[in-house]
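In the block that follows, a single chain appears as structure tokens, in the form predicted on its own.
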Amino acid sequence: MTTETLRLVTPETPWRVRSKSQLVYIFIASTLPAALTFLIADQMKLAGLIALTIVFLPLQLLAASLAALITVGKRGILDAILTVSVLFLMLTMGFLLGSVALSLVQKGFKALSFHAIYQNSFYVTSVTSLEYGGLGHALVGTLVIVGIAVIFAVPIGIAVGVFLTETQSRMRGSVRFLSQAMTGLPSIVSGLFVFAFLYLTGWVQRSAILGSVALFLLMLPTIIRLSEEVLKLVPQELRYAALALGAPRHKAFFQVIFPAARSGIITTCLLGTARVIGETAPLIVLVTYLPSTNFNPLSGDMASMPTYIYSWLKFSTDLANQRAWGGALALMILVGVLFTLARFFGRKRF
């Protein structure tokens, strides 16, 4: 072995050592199926997705299995099949997500401009030029409705997760069962429950707070389950070390366990928010769309990004469809900003 090879070889990475013949077989197994797929698809006039599924994938699995059999032996066949399958599914998902993002940018970018961020659609119709009106009222409504749900769901969900991981109560099984059952709650059922329980009984007038309650019910079980799993990932040695040093349980949690799980807790809050930020069904049932800006969640109707998109999709004009695509692109950008901020604060050391 050369010095470079010895430097790369470790007990954990023996696969980095490959002979020239292995590299040749890997190259052939990687390029030959693609070339054959291109020729077959061109001769038979197959669509791209069909060619990838029924031609390329079987050929790639066969070539990878033969290469593994020649270079490693029978024990490498399953590993090659698993590797090809995972890579193919990963690339397929990446392609699908990329096509969705590209479609959003192409069709929605025309409807986004600087004035669209702060203007509303009070005087805008389905044939109004894109130079007038915007989605500022929907952005404000989304931040208000989702923000209220987050304010209540995050502390309650994390507290329940702490209860399930840090206590020995007999109620843990029942609480865990209820949280798991609520995870599969359909969004429309949540909206109808809030509509019947709060609005039809006359307790709460029709307003944005009803939408926040429905989103709270959808967000809470997600945060409970994820926060429980995150806290379980904290090594038990940290708990034992803190307790062995004489720290009370509450101080051991807040000074040792919670900081160790901070990044995961922030990710949990992010995933819980992403779970509800695009929900449409409960908002259509509970919150009437308002084309003007309303900052008060306790009084009157309010717009949101999902209902903004839905309101413009009801029209058949090109301008209305472009506004709907613009709202979808703005919603995706908003989610991307939230993801970026969460990862930044999750990694930052205070």
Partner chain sequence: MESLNPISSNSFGADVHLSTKDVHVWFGQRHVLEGVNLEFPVNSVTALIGPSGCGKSTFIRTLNRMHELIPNAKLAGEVLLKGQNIYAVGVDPIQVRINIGMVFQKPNPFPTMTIRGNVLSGLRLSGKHSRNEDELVENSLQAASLWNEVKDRLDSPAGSLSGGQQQRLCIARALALAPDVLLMDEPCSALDPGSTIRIEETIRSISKNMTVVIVTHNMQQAQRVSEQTAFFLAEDNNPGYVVEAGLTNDIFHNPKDKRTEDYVSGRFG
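Bear in mind the structure is a predicted one, so any value in this text is a computation, not a measurement. Numbering follows the first chain given and starts at 1.
In what follows, reference is made to the form predicted together with its partner chain, a form of this protein that is not presented.
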- Item | Per-stretch contact check against its partner chain in the predicted bound form, the hit in 245-253, 150-158, 135-143, 267-275 (non-hydrogen atom, 4.5 angstroms) | 245-253
- Message: I'd like to know whether Ser129 contacts its partner chain in the predicted bound form, with contact meaning heavy atoms within 4.5 angstroms.
- Response: no
- Even though its partner chain is not shown here, does Gly76 get within 4.5 Å of it in the predicted bound form, heavy atoms only? no
- Leu192: touches its partner chain in the predicted bound form, heavy atom cutoff 4.5 angstroms: no
- Hey, in the predicted bound form, is Thr201 touching its partner chain, heavy atoms inside 4.5 Å? no
- Task: Select from the listed residues Leu104, Ala260, Ile188, Ile81 the one whose heavy atoms reach within 4.5 Å of its partner chain in the predicted bound form.
- Result: Ala260
- Query: Heavy atom within 4.5 Å of its partner chain in the predicted bound form: which of Tyr118, Phe95, Phe122, Tyr240?
  - Reply: Tyr240
